[in-house]
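Taking the form predicted alone, here's one chain by itself in structure tokens.
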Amino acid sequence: MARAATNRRKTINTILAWSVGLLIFFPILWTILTSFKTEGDAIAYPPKFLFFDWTLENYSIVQERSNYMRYLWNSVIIAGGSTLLGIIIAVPAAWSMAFVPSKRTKDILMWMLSTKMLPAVGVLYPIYLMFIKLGLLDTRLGLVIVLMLINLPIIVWMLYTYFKEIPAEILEAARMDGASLKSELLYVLTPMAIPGIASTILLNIILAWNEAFWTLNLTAAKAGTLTAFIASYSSPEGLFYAKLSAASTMAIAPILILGWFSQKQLVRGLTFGAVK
């Protein structure tokens, strides 16, 4: 009886998990399917799911109208650059908070996290003026700095959590053996925290890749990312749903592929330290 109840519970959990997964994935699937429709089929009612005239015309038009590779390259540089810069700053910060805490460490962490609650539009105007003065408007460097700063609290919090799971005695033993601070960070702490650092890097890349507010307001033609590439397919005449879906599919494809191939590392990092 107990085994039957356990099997029944596992079956129900599996069905629920698949249902939630399919529910989350459905908008992505619908976007991909719409990208292969004509504009007429894209707005047809009732909606056509599989039985429609499949076409690659939307992808051809998108390629002809926009320089997809330039937007893609900008996204790669900005997401990668902001992540790298954030990790370089966050690792020492998280180390000091985890292994050399002060009375105000928790207050500082909470203050950093509270900055994520600030509406982005509230600081857009001063940052926009600063970018004009510094010549950073519509530049990759400007976006790298902004995206690094807005994601830095999350990076520090995640690394702090991972570092807290590492026994401090190991670092103390390294110091007793004569390890310098640099050696302690590079050759002792970092290798032990690789799963956590890897998941932090992956999550930050995803956040930076999907960022729309700052990229749309601080860029124009030169440093536009794939979010700007998608936004270019809305016009005063209305939305061209099939072409917009094709642009969206081309924009999300790289990050979906990255997430698919790195899902094991991401899950391992997110559960790092959860089970002793």
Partner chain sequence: MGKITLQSVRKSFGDVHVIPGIDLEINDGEFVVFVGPSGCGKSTLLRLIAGLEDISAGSIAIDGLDATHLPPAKRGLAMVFQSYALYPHMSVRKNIAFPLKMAGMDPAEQERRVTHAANILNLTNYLERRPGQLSGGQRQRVAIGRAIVREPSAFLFDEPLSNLDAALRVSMRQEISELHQSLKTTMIYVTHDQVEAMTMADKIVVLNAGRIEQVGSPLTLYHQPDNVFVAGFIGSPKMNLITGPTAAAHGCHTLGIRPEHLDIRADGIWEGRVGLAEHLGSDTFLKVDAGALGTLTVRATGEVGLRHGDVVRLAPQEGRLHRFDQDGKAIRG
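Since the model is a prediction, treat every value here as computed from it, not as a measurement. Positions refer to the first chain, counted from 1.
The next section is about a form of this same protein that is not shown, the form predicted together with its partner chain.
| said: How about residue 73 - does it come within 4.5 Å of its partner chain in the predicted bound form, if we only consider non-hydrogen atoms? | reply: No.
Can you tell me if residue 138 lies within 4.5 angstroms of its partner chain in the predicted bound form, counting non-hydrogen atoms only? Looking in the predicted bound form, residue contacts with its partner chain do not include residue 138, since no heavy atom lies within 4.5 Å.
Examine residue 188 and determine whether its closest non-hydrogen atom to its partner chain in the predicted bound form is within 4.5 angstroms. Output for residue 188 is yes: heavy atoms within 4.5 Å of its partner chain.
- Query: Is there a heavy atom of residue 174 no more than 4.5 Å from a heavy atom of its partner chain in the predicted bound form?
  - Reply: Residue 174: yes, in contact with its partner chain in the predicted bound form.
task: Taking 4.5 Å between heavy atoms as the contact cutoff, choose which of 84, 77, 198, 192 touches its partner chain in the predicted bound form.
output: For this set of options, the contacting one is 192.
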